[in-house]
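The chain below stands alone, shown as structure tokens; this is the form predicted on its own.
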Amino acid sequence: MSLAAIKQYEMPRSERNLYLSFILIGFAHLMVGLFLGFMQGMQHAGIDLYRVIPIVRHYYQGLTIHGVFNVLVFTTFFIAGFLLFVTSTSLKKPINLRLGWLTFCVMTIGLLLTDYAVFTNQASVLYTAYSPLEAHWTFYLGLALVVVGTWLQLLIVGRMVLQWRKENPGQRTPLLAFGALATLLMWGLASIPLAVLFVGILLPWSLDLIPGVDVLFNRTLFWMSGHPIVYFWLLPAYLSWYFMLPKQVGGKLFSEPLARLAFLLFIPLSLPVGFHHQYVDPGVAEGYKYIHFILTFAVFMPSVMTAFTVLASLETGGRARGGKGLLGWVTKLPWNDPSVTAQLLAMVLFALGGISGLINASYNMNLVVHNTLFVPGHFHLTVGTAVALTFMGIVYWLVPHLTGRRLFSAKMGVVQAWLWFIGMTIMSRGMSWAGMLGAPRRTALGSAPYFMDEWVLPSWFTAIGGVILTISGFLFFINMLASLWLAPKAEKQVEVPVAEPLIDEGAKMPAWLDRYTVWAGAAVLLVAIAYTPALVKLISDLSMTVPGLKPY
């Protein structure tokens, strides 16, 4: 189907409420996680707010909630609402509402169990849930139910795409639905080891049904899903950058085949990369660490394709708006639109995050920064900005579209996006700087007796950046809450931005760029090659004897 032919889908109120519910729960948890991040930054600078603001008992409880809420709950709930919305919109079909609300209930029940565990200080195990740190059983079951919710989303979107293909033989799947299914398919494959770990090992362990665990085996299962989950967060942002943002800036998608190929490549290349998080772990052969090092650099390829295609698409918009010269088109982009500004600034910092990610992935350079603050410095550029700021940019048009109200203040939105950009630049610089000087991660540095003098200035960078980010976050939430309840009704419904390709190839598009089977098969094959011998060795040496540890 030509994108030019896509009309706006008239969505019933019940369906809009479902998507809004997902999105609001996600952002509500981001607000809590963001404030706890502010407290962490201040603690690193020697200001211990945990003694005066008793919303949590200690640093590690706050760090756990910050990680779980920001990178697991916020992202997963927003993605659920967004991907179901774009699928329904692009296929011009309602989703199965019963299944949609069932998905919401499963995820929300899981979330309530998780909230109970972390707020009662029974799951201060950080978001990585590393054993032998042991959490209350509700923590493991709760997060497992959230993952089950993502599988239900895959079922919903997969059925809708298959049905659409039957009704439209010979036509290519609309890009938004195509990208949504690629994202959920990748995560559906990648999340299996995590489900095995949480349901098969950690849950019975927390219920004293098994005597102990094997720490190395658990870490391997975690990172089999723990790095691919980054692409589960990033691909919805890519979906907006590829297929929506060009329309918002007045341009067109530079190359539809290249965009489809990038999404399909992420399915096999995102998965077999977990050992680059375990370079210093004993018990994993160096040869397999080297294979994962190569494959981690391979996943950089579709990222570079994304950078090229998205920038070229944005250039078509800047030049259509009168931009001249090599970079004159950049200034012609609609920087007064908060949705556009947020996503453009997210891309800028994502470029730095991608470069710092190559350092983490390098077998030798990783040894210098491993388990230091450099790693969360990188993480905040990618997930904390590329993902979070892009999702904020999306809701600047998506919430008004779903509610029928205007955005409360576009100017406030633009200021908020720039403050996030500035704050994150300063904070991540401080983290990366301290990390290169040897400051450890996952540590209450402000109370550490070994705190070094050279960490003082980077720690203040981290704290000041955190303050600016917190101000930005509060501006965002004020703007959103006002848009939900105070803003007047819009005279005209906000349209869903869907970019047309620069060259519409229609049915001429190769069929293999619209099919997933081969790419999913390639993913299974690569995982088998990259993991099977190492897993066989780990299982043959399995020793389920390590008892749980609850130091907090």
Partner chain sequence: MHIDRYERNWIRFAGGLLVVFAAALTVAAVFLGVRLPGIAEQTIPIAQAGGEYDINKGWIRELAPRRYEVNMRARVWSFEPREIRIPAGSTVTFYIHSDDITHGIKIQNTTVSTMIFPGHVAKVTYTFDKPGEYVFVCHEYCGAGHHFMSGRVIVEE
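Residue numbers count along the first chain shown, from 1. Bear in mind the structure is a predicted one, so any value in this text is a computation, not a measurement. Here, rigid core means the biggest group of C-alpha atoms that superpose within 1.5 Å across both forms.
Missing here is the form predicted in complex with the partner chain; even so, the following discussion is about that form.
For the candidate set 249, 431, 125, 271, a heavy atom within 4.5 Å of the partner chain in the predicted complex is found for exactly one residue, namely 125. Though the partner chain is absent from this view, in the predicted complex it lies within 4.5 Å of a heavy atom of just one residue from 440, 94, 200, 328, which is 440. For a residue to qualify, one of its non-hydrogen atoms must sit within 4.5 Å of the partner chain in the predicted complex; none of 109, 408 and 531 qualifies. Using a 4.5 angstroms threshold between heavy atoms, residue 225 stays clear of the partner chain in the predicted complex. Taking the partner from the other structure, the partner chain in the predicted complex has a heavy atom within 4.5 Å of a heavy atom of residue 286.
Interface residue remark: residue 505 is counted as part of the site for the partner chain in the predicted complex, having a heavy atom within 4.5 Å.
The partner chain in the predicted complex is approached by residue 133, whose closest heavy atom lies within 4.5 angstroms of it.
Per the 4.5 Å heavy atom criterion, the partner chain in the predicted complex is contacted by stretch 510 to 518, the sole one of 523 to 531, 27 to 35, 489 to 497, 510 to 518. Taking a 4.5 Å heavy atom cutoff to the partner chain in the predicted complex, the contacting residues in 353 to 385 are 358, 362, 363, 364, 365, 367, 368, 370, 371, 372.
Once the rigid core is overlaid between the shown form and the other one, residue 508 counts among the residues whose Cα shifts by 2 Å or more.
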